[in-house]
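In the form predicted alone, a lone chain appears below as structure tokens.
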Amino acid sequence: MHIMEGFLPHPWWEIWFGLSLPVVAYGVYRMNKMIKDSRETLPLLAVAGAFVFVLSSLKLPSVTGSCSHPTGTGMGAILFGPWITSVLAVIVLVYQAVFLAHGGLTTLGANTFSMGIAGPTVGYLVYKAATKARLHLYLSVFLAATLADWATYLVTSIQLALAFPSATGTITSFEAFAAVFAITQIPLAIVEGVVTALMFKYIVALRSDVLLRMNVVTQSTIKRLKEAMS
């Protein structure tokens, strides 16, 4: 991820567009409703979008037609859920494709699905499960961001394997793509998890009131964190 312009053959680039478009459209609806109901969420929305842009612009060559990089979408998934995060991701991906030659327009659907939908969905579910299990808040954030990143690259490996199956089948192709991605992506995702947890700690310190209204954290969690810092 990002898969470069023109790399996916017909009909795969169209299929990923078809799968991504309804999710992003619903995300736009959810975002507009959230902004209308809670204007105080705008600064956090801007922070989440900037976080995705900065981290996903730090690319390293990986396999032919793609690259490795942090995604930054775990933060958005924790704060706003996967629907709205898909909108942030597609905005970033369009800008990068047009102005940075990073990714592409024909592959926008595939890149949106892996980085803006699959990854954030996994991150959101992991965060909810971790908080329900009463794990420490920052450990929950770390796990959500790390696994969201890995999920993105597993889905990208699936996308490439489906488009370019090997002579022995799609499974073999997937294993080959995933193995090459793993060399760079395993350590990158861990670093992203740490950075996301540190950023979240900063947000908690500054705008814990907004996080409480958004039901991202509980009052008891904020109380424990502030007691630990005092």
Partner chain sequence: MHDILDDYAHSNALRETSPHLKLLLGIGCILISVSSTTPVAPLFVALTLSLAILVLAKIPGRIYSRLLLVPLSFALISAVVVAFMHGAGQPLYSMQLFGTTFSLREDGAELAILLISRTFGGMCSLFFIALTTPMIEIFATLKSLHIPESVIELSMMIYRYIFVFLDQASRIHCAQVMRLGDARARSSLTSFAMLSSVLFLRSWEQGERLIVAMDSRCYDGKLGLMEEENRAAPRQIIAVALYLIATATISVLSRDISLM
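For clarity, a rigid core is taken as the largest C-alpha set superposing within 1.5 Å between two forms. Note that the structure is predicted; figures quoted are calculated from it, not measured. Numbering follows the first chain given and starts at 1.
There is also a form predicted in complex with its partner chain; it is not shown, and the following applies to it.
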| property | result |
| --- | --- |
| Contact at P22, Y26 and K128 by its partner chain in the model of the complex, all three, heavy atom at most 4.5 Å | no |
| Listed residue that, although its partner chain is not shown, lies within 4.5 Å of it in the model of the complex (heavy atoms), from V141, A110, L88, A77 | L88 |
| is_contact(V155, its partner chain) in the model of the complex, heavy atom dist at most 4.5 Å | no |
| Contact of G81 with its partner chain in the model of the complex (heavy atom, 4.5 Å) | no |
| 4.5 Å heavy atom contact, A97 and its partner chain in the model of the complex | yes |
| Touches its partner chain in the model of the complex: L55 (any heavy atom, 4.5 Å) | yes |
| Sequence-ordered residues of 17-47 touching its partner chain in the model of the complex, heavy atom within 4.5 Å | V28, M31, N32, I35, R39, E40, L42, P43, L44, L45, A46, V47 |
| C-alpha of L212 off by 2 Å or more between this form and the one not shown on rigid core | yes |
| Core fit, then M34 C-alpha moves 2 Å or more between this form and the one not shown | yes |
| Is_shifted L162 between this form and the one not shown (CA, 2 Å cut-off, rigid core) | no |
